[in-house]
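Only one chain is given next, in structure tokens, and it is the form predicted on its own.
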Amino acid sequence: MQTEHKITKQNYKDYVFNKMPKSSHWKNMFWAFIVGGTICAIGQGFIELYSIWFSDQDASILASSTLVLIAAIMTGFGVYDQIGRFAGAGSTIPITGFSNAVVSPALEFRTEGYIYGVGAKMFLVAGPVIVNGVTISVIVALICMVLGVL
């Protein structure tokens, strides 16, 4: 005779907890710090290099653009996704993560055409970030204007 097991919230929660792979938070934080710091150091290196020929503001813009371009190319070759799996937030927080978030869906949906595939899906992940960033910027500018800070 077979014994019936009634599934409850608690024993299901225990089952999932026991089956869930255990992660090493300290190791993940270490590698996120190392990779994110390396990306930022490379960006600072580009700023220093571009400062030889351009103003500081232009050098910063060029450095950001260079990092975005490099990350887009690395995403196209599948390299950035491997870095992301390894480094987690260390690769997604810098501007290179934004580039990856735009290029990945565009590559994934390119078979659906340039308009409905690449154009429509390109900002699937990055779109909400852009909308929220612009909205918060406008709100902060309005508050500063009302307070007379600007």
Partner chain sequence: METLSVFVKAFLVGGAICTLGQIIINFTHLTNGKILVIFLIAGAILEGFGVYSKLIDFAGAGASVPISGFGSALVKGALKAAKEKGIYGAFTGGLAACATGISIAIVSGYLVSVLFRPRTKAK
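Here, rigid core means the biggest group of C-alpha atoms that superpose within 1.5 Å across both forms. Computed from a predicted structure; not experimentally measured. Numbering follows the first chain given and starts at 1.
Just so it is clear, the following notes concern the form predicted together with the partner chain, a form of the same protein that is not shown.
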Find out whether any non-hydrogen atom of Gln82 is located within 4.5 angstroms of the partner chain in the predicted complex, and reply yes or no. yes
Does the 4.5 Å heavy atom contact test between Ser51 and the partner chain in the predicted complex come out positive? no
With a cut-off of 4.5 Å between heavy atoms, is Ser55 one of the residues that contacts the partner chain in the predicted complex? no
Under the 4.5 Å heavy atom criterion, name the residues of 94-109 that approach the partner chain in the predicted complex, in sequence order. Pro94, Ile95, Phe98, Val102, Val103, Ala106, Leu107, Glu108
Met20: with the rigid core matched between this form and the one not shown, does its Cα shift 2 Å or more? yes
